[in-house]
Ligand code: VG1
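Consider the single chain below, provided in structure tokens and representing the form predicted alone.
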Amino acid sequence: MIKTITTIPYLDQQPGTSGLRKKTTVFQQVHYIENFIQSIFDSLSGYAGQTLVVGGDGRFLNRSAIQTILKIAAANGFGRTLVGCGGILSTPAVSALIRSRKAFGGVVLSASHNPGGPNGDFGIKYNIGNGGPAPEKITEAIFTRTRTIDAFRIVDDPDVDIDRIGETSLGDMMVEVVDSVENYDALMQSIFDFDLIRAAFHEGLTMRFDAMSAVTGPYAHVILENLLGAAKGTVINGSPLPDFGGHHPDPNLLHARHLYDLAMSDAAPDLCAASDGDGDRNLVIGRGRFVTPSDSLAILAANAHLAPGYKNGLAGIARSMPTSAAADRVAAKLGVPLYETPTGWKFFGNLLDAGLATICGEESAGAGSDHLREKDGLWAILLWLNIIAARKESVDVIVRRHWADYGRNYYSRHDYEEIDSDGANALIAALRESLPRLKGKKYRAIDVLDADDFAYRDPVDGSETSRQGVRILLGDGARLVYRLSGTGTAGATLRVYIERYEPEPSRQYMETQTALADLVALSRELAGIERFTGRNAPSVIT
């Protein structure tokens, strides 16, 4: 039986964002999840009888939220839902399943790399039929509806058993519980040379992969250990837990420091890697060599032809604006276009759908290709394995030879987390006001060639996106970028990106923070970071 239940709107969703991310306790408010899901469906049309994919990263509230979504989907006329067994589907796996089953769309339950548990974070986002995050036209419509919603529709039926693969009915809708890994695994086997990688493991290649007690554990166990023959124990923290085992599932040098320490030790395997809470980010560290996400994107693009799925070359490369220009030089050498977009995977979706780009990436440890419409952590790691196996070289050698060929982009991101939102906004506003005065000036003996607030015109649909981050372009290929991030749930996060290009091989082996020390000082001085935020040092440096 379908019930229509009266509700009141919650007014705390931000407009234009790809989803809703809040503290778990916020989602536990009466009818909070119901309101948002009904608002999604009220903002869509043409889905009657269609298929919806539902799954998440296994964090606290995942299972109960799925039951709510299924019942609301049934009441609103969907014909079928595909649910990962146990409610588990990585974000890349959701995208893959939407595409392979030609689903209308999907609901992803995750707060990405944020902590989980009763006192952690939770999130819900909607993906469209191409498998990618909903575009702004839809997210704006959802936001508008959340402000006026007065009722939701729900099937008054018992919960569905989501731990048993198979089909069952819920109202007039069919619920199909699917193997969480199978579809994604088949896609990976169509892209990479599993025989070559398997042979490399057989010949002694060693690896440590940390799933961070998050969603990629089941995928890594099946693909790395079972199919590719990596030694048992290669995957650690491989069972998704509601609180991620108390870990912060962000694969960076703060929260995955143990992997860095292992990679720099005498006991280092050939490759240390990790992925985040929902499986769309990656960390890659070779024996004695940390690979920055920006360098990783460039190296993957330069060597993608070694994997069967990219043997015919790339149509183009896309990177987010804050990501270093290392990929630009690869695109130039390959003779393919380079697209610089705002941060957010939805901007890559149009390029991929139009066939203009093949590989895309962001500096925040996210990379992917035209196989999906989401970034994909395990994909990036498998491509690294394919490259290592094909070149028969270590990560360190591959990185050094890349720098010798293309030059090195010294690059670092300084994050000031959970700062006062008013101070953060005032800092950005002051920077924007100062842009005309910065151009052509010299600070700390460094020339400012140009300064702007990045704006983007989509080459496919002509849509325009403005105010995406303040860029200060300096002499000798250096630059500073400032932007506020929306990935946290408390306060604001100021991200400062510092970059310098070094073409001379003899100067490519400095410690990164040393090589960037004068630019770091300049970045703090130009923006008045301590004055606006009260912080004299960043929370995290990557």
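Just count from 1 along the sequence shown to find any residue number. Everything numeric here is computed off the predicted structure, so don't read it as measured data.
Quick note: we don't show the form predicted together with this ligand, though the next part is all about it.
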Just give me the single entry in 408, 319, 113, 71 that has a non-hydrogen atom within 4.5 angstroms of this ligand in the predicted bound form. 113
Only one of 234, 412, 468, 364 gets a heavy atom within 4.5 Å of this ligand in the predicted bound form. Which one? 364
Partner contact check in the predicted bound form: of 273 to 281, 158 to 166, 438 to 446, 381 to 389, the stretch with a heavy atom within 4.5 Å of this ligand is 273 to 281
Hey, in the predicted bound form, is residue 344 touching this ligand, heavy atoms inside 4.5 Å? yes
Though only this chain appears here, would residue 375 touch this ligand in the predicted bound form if you measure heavy atom gaps against 4.5 Å? yes
I'd like to check something about residue 495: if you look in the predicted bound form, is any of its heavy atoms closer than or equal to 4.5 Å to a heavy atom of this ligand? yes
Heavy atom to heavy atom, is residue 31 within 4.5 Å of this ligand in the predicted bound form? no
Using a 4.5 Å heavy atom cutoff, which residues in 178 to 214 contact this ligand in the predicted bound form? It's fine if the answer is none. none
